[in-house]
Ligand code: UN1
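As a starting point, one isolated chain is supplied in structure tokens, in the form predicted on its own.
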Amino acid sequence: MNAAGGLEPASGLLESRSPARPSQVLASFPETSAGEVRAAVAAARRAQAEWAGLPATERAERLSRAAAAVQQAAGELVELGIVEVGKPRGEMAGEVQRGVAILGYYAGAALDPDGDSLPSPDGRSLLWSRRVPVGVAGLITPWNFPVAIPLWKLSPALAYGNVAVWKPAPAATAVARRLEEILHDVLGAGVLQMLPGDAETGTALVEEADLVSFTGSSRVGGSIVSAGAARRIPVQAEMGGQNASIVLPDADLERAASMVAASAMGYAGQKCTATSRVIVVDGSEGFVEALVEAVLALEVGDPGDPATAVGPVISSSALSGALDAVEQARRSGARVLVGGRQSREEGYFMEPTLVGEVEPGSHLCQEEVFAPVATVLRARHLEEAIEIANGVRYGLVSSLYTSDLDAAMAASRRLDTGLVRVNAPTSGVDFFAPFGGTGASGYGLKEQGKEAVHFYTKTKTFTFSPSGRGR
């Protein structure tokens, strides 16, 4: 599996292992074949008619009960996520609670107005539009948020009358299986089906579903976008980032250093919103030293320990890829300010790493590493910092640290990312606000909040004219 939760060739049997203790096999799952995917989608289509025919109040009630069921099983999901994907305890607990909130939010959204009444041309007829479900939603999700990302796709899909067939990343299959079990009794047969699998399973799902929502790597997302376009189905793809944090001299440098360190290194940097580039504007003396100290203060170790901020990366290939990227930068003249090595013999642990004296156009500054690695770049002024920040193919999120409101307003307009955050870390997403990037970071309509209705529904227009009888 690739670092961003992409798809690789099928092996026939999926093994879930702990990245902190790779010898520990949690479970094995047979990979879902293309024929089984077709059968699952056919069953989903049969279930969708009944689900869409339920009153919106009933769908809302079931989503509310789903939220309660996830809340009841929160402890179990937290423990399983810690072991299977190596997510630190505090972050995993927060993620599960976010999943509960997402289900509750869309339980309410199911009761939102679903159309518009329009003036008729003849003054006697009725003319209105409604948003109606698309059908079977194919959901392809990564391992790094094994509860929240599936739920922020699943919840609006179901709220608006669709059903879902879901393929999680292989490395998060055990969490996915348990989440499916928790939701099954509440939602009913056929409303949600989880299909363990890898590349073949994902490809088959894209070929069968009525719409596809994907989160993962840019490479895989691009192929899904192309396949969806060939079938003329809606596709939504969130594909990572190379996120910049700009620090101006008038910022609270100690506070900024603490937030940047946590955003870059927390969960071993394995978030699409993690800070990858730190752009320090001239005059910010002392910031880099403060950042190094903040990184060194982060606890690295067992993700089950409440004090841990940085656990393992997800796999041996992710670890070796990150170490190689740092070494390549070093050979090209960059300087490792802190970290840069594997930190434990057992498990896929890497020291949180800052790399300085690196060129903005270098591989390390242009491509997503998905590990606890960030570069430190220098800019003479804000204009140059913005140019550097925008100088990548990704455009997910950027952050600016300053006490100058005018600078913040000007920069926020010019930073070419889907999200701009001022005096706040790049990481962190509000589930009730639109989420998604530009360029190689995103394709299609945005996720989350009220925006989700536009992806999971289509518009149907009705005209009802009088029959003319009795006139």
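Everything quoted here is computed from the prediction, not taken from an experiment. In this text, residue numbers run from 1 along the sequence as written.
Absent from the display: the form predicted in complex with this ligand. The rest refers to it.
Interface membership of residue 244, defined by any non-hydrogen atom within 4.5 Å of this ligand in the model of the complex, is ruled out. Within 4.5 Å of any heavy atom of this ligand in the model of the complex lies no heavy atom of residue 440. By the criterion of a heavy atom within 4.5 Å, residue 231 is excluded from the residues contacting this ligand in the model of the complex. Using a 4.5 Å cutoff between non-hydrogen atoms, residue 271 counts as a contact of this ligand in the model of the complex.
Residue in contact with this ligand in the model of the complex (any heavy atom within 4.5 Å), chosen from 375, 162, 215, 173: 215. Site annotation in the model of the complex: the residue of 401, 348, 152, 394 reaching within 4.5 Å of this ligand with a heavy atom is 152. Listed stretches are 66-74, 403-411, 422-430, 31-39; the contact stretch with this ligand in the model of the complex is 422-430, by a heavy atom cutoff of 4.5 Å. If you take 94-108 and check each residue for a heavy atom within 4.5 Å of this ligand in the model of the complex, you get just 98.
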